[in-house]
Structures are given as C-alpha cells and as structure tokens.
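In the block that follows, a single chain appears as structure tokens, in the form predicted on its own.
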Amino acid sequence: MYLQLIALQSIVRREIVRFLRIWVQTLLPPVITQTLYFVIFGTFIGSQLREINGVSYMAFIVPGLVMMAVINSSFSNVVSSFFGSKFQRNLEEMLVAPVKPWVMIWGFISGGILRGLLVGLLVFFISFFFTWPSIHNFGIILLFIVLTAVLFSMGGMVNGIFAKKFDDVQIFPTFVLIPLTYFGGVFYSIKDLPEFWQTVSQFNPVLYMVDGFRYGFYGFSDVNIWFSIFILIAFTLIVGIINAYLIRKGIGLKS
C-alpha cells in the first residue's frame, strides 16, 4: 500500500506541475472566454431581459458560466495529459510497473480536478466585477462543483483511452460536450422553454449539474435538487467504473 501511495503522489505531482507550469495556456484562456460571456450575455443582452425568480439575468448566469469553465477545463486537462502519455509511450512504464488501476485513475484526474476548481474559482471572482452573487447553501455548491470536476476529469480519461490520434481528442468535446453544455441551462431556465423542449432538456445530464449548482447560490431550481444530486453521483460512479474496467483490461492502452 505504501508503494501505491508513493506512485499516486508522483503522478499527482506531475499532473499538477504540468498545468501550473503553463498556466498562461491552461488557466488564463478559459477565464478570458467566460469574461467575454459576462460582457456579451450578461451586460449587453442581460440588461434587456427580465429577472428570473427575482434574480437579475447577470447573476443568474454566474453559476452556469462557472460550471461551464469547470467542465471544459477538467475534461480537456485529463484527455490531453493522458493521450500525451500514450503518444510519448510514458504510459507503458506504468503498465509494466505494479501500479493499481485506482492509482492511475486518481493520479491522472487529480490535475483535471484541481485545474477545473481553480478555473471555476477564478471565474467566480471575475463575476464580482459584474454582479454580486449570493450564497444560499455552501455545502451544495461545494458538492456539485467537486463532483462535476471529478466526473468530467474521468470522462476526459475515457476519451484519452480511446483516442488513437490527436484529432480524436477534440471529437467528443466538439460534438458532444459543448452542445450539452450550451443546452444545459447555462443561459436560461428550462421553465421558459416550450413543454417539448423542457422534456428533451431533462435527458441532458449537464442540466442537473448546472441547475443544482445554481440552487446552491440562490435557493431555487428547475429540477428537484435531490434528484440532481442522485444523477451527479450516479454518473460519477458509472464513469469511474468504466475507467477502472478499461485500465484493468488494458483496452486502448496497449499498442
């Protein structure tokens, strides 16, 4: 067990140092992007929109933009790091070493979790230049943001496992992740949608993450908060089990 913890510590240190060393590329771009969302959607467009449940539109989109930054940063960090290790054949050294699957999983996703949380925190601080979001339940906020970072870090690892070339790293984020995020209630309440699209939106797992996270700030949600927690935990466990199975079987890892 001691050797496994040493291995975990080594991978975690490498992952954290990797993205902090190039913070201009890993932390700054998402903060700038989300700031532009604040300016365009919050200031220019939001000033012409009504309040939602007594909250200004600018304040309403803050949780969604923070969560969007966390999702994209945690996912992209792990998929790029894991595929890079495969491409450079560094991963083969771990496969021949007595390293347990859980060590590899938590080692690689640690960088994605920390990067996602740091970017989310930076975006939250930026929001104070535009509005003053309140906090209804800090525990709910912490639960949703941490589990979301874990979930999408693990999702990035699955993408990295199956990726065979650099183009494969961008396929899932471009055609799946980004559409799900934009249609996940970041910029609107699903209660304002026609009944058909409300039903369709409920099949989007990102909706429950954004909606539950927003509940932590303002105390209202479009979906039952306990159901959102259940969905988030369930997806996290499922993707974690998938990662453990793929690594144990060596699927997508051995050339």
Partner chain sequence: MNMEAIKIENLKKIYKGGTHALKGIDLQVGTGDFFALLGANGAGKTTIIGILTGTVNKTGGKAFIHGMDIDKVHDTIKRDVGIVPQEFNFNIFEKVEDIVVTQAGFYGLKRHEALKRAEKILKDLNLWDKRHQKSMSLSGGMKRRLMIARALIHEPKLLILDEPTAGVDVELRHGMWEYLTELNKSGVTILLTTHYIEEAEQLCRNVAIIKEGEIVKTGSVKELLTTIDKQTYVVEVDQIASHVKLDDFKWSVLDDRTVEVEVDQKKTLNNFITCLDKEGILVRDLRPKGNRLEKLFLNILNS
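Quantities reported herein were computed from a predicted structural model and do not represent experimental measurements. Positions refer to the first chain, counted from 1.
Omitted from view is the form predicted in complex with the partner chain, to which the following refers.
Trainee: Name the stretch: of 166-174, 179-187, 96-104, 140-148, exactly one has residues whose heavy atoms fall within 4.5 Å of the partner chain in the predicted complex.
Mentor: Residues of 96-104 come within 4.5 Å of the partner.
Trainee: Does the trio Lys191, Glu195 and Asn224 actually contact the partner chain in the predicted complex, every residue with a heavy atom within 4.5 Å?
Mentor: No: none of Lys191, Glu195 and Asn224 comes within 4.5 Å of the partner chain in the predicted complex.
Trainee: Is there a heavy atom of Ser134 lying 4.5 Å or less from a heavy atom of the partner chain in the predicted complex?
Mentor: No, no contact at 4.5 Å.
Trainee: Residue by residue through 1-32, tell me which have a non-hydrogen atom within 4.5 angstroms of the partner chain in the predicted complex.
Mentor: Sequence-ordered list: Tyr2, Leu3, Ile6, Ala7, Ser10, Ile11, Arg13, Arg14, Arg21.
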